[in-house]
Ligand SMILES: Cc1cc2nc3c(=O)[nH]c(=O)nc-3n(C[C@H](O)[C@H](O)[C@H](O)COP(=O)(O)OP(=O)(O)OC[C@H]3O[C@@H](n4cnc5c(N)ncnc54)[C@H](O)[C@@H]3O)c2cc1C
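The chain below stands alone, shown as structure tokens; this is the form predicted on its own.
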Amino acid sequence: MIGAGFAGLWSALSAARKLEELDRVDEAEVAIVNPAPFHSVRVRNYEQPLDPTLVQLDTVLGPAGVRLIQAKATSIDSTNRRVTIEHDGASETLDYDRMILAAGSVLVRPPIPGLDRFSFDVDTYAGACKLQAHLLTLPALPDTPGRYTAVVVGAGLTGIELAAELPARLREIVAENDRGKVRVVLADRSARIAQSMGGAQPVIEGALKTLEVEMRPGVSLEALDGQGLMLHDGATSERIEAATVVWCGGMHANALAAQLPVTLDPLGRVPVDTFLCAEGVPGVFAAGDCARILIDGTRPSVMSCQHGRPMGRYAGNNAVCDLFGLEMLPLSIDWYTTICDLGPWGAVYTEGWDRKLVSEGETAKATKRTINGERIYPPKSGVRADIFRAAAPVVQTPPPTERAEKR
């Protein structure tokens, strides 16, 4: 397995589980390549503190009998079934019988002047830590107009969740007499903030207003320089003085996907069939953000842990089945939910691809806490049987919530 995100971690555990079920543990080794010794619950990077978002891999992989190779995968030779890895400046080649590409996705960074140098992000654990360290330095900076102004660019789920958290986070950092200077702006090129959120859109907009987040729909980031940024609405430009600019501008599959002999989708993802087999590449499976499956037979999967986790479970199971010539299991998920955290205000919970609003406020927030703190984690007991039970190739039911009409 390449990658220990949601798809990679669960594919490794599912493969180890299947080997034990078949009583063939001695006939194959399950190994996972990952640069860090931890699994980062990436979808929580908008939060603080971040320590609870990390899972030390040895506490999960060890009991499951999975070998962790702490290194970075740099190239894939699918013809000769080899992966090249690097660690501490040294390269090594690993042979494989079956390989699962679960390298995830990366933040898209277009060539906007100043973006690489002056923006922050919450794409990775390191990036989120860097942002928090920066925020803690703000009280020591000169008292300029934009010292306590934070602009989040990109109003997808990550941007919305971060913007909803920032007012309270900033007010905890600044001196009491400076709290009135805190300003948070959420900007996006769409005509409305949270435009894709269906029936939840007006609720999100109202929540952000309550949290005193300023919204700038219909604008694009033009440039930034360390003291502020320029937004453009297609006709005029607006400058906002801001010491903090956070870029949340969309995702693209890891570049390793492009090394397979396939036609990638517009997000750079590998097309896979219902068994998670990379189309036309024998011995290779793909799962998570770097794979595209028609998740319900019609709609493509989304880059989310909601799809990445079951994709991983099925890919791991099927890689072992394929290795031993056994029948594989097709993956199909006929439900879709979206739960967007809105900081101190609460959250919204929607169902279906058209995102019908089901619950909001503290009710939805309770569901979000359960998801973020329990549902998406591997068992914390360290017990092999518990881990394998959680790694079974089954599709979980939608997370429960108290429906609005029952309140």
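One rule holds for the numbers: they count along the sequence shown, beginning at 1. If you're wondering where the values come from, they're calculated on a predicted model, not measured in any experiment.
Another form, the form predicted together with the ligand, is not on view; read the next lines as being about it.
Colleague: Of these, Val30, Val358, Ala64, Ile339, which has a heavy atom no more than 4.5 Å from the ligand in the predicted complex?
Modeller: By the 4.5 Å criterion, the partner-contacting residue is Ile339.
Colleague: Looking at Cys129, Met215, Met251, Leu323 here, can you tell me which has any non-hydrogen atom within 4.5 angstroms of the ligand in the predicted complex?
Modeller: Of the candidates Cys129, Met215, Met251, Leu323, Met251 is the one lying within 4.5 Å of the ligand in the predicted complex.
Colleague: Given that the partner is absent here, does Leu208 sit within 4.5 Å of the ligand in the predicted complex, heavy atoms only?
Modeller: Output for Leu208 is no: heavy atoms all beyond 4.5 Å of the ligand.
Colleague: Taking heavy atoms only, is Val43 within 4.5 angstroms of the ligand in the predicted complex?
Modeller: Within the cut-off, so yes.
Colleague: Does any part of Gly104 reach within 4.5 Å of the ligand in the predicted complex? Heavy atoms only, please.
Modeller: Although the ligand is absent here, Gly104 would touch it in the predicted complex, with heavy atoms inside 4.5 Å.
Colleague: Would Met303 count as touching the ligand in the predicted complex under a 4.5 Å heavy atom rule?
Modeller: Close contact exists here: in the predicted complex, Met303 approaches the ligand to within 4.5 Å, heavy atoms only.
Colleague: Can you check 378-386, 358-366, 344-352, 35-43 and let me know which stretch has heavy atoms within 4.5 Å of the ligand in the predicted complex?
Modeller: Going by heavy atoms within 4.5 Å, the stretch is 35-43.
Colleague: Determine the residues of 1-26 with a heavy atom within 4.5 Å of the ligand in the predicted complex and present them in sequence order; the list may be empty.
Modeller: Stretch hits, in order: Ile2, Gly3, Ala4, Gly5, Phe6, Ala7, Gly8.
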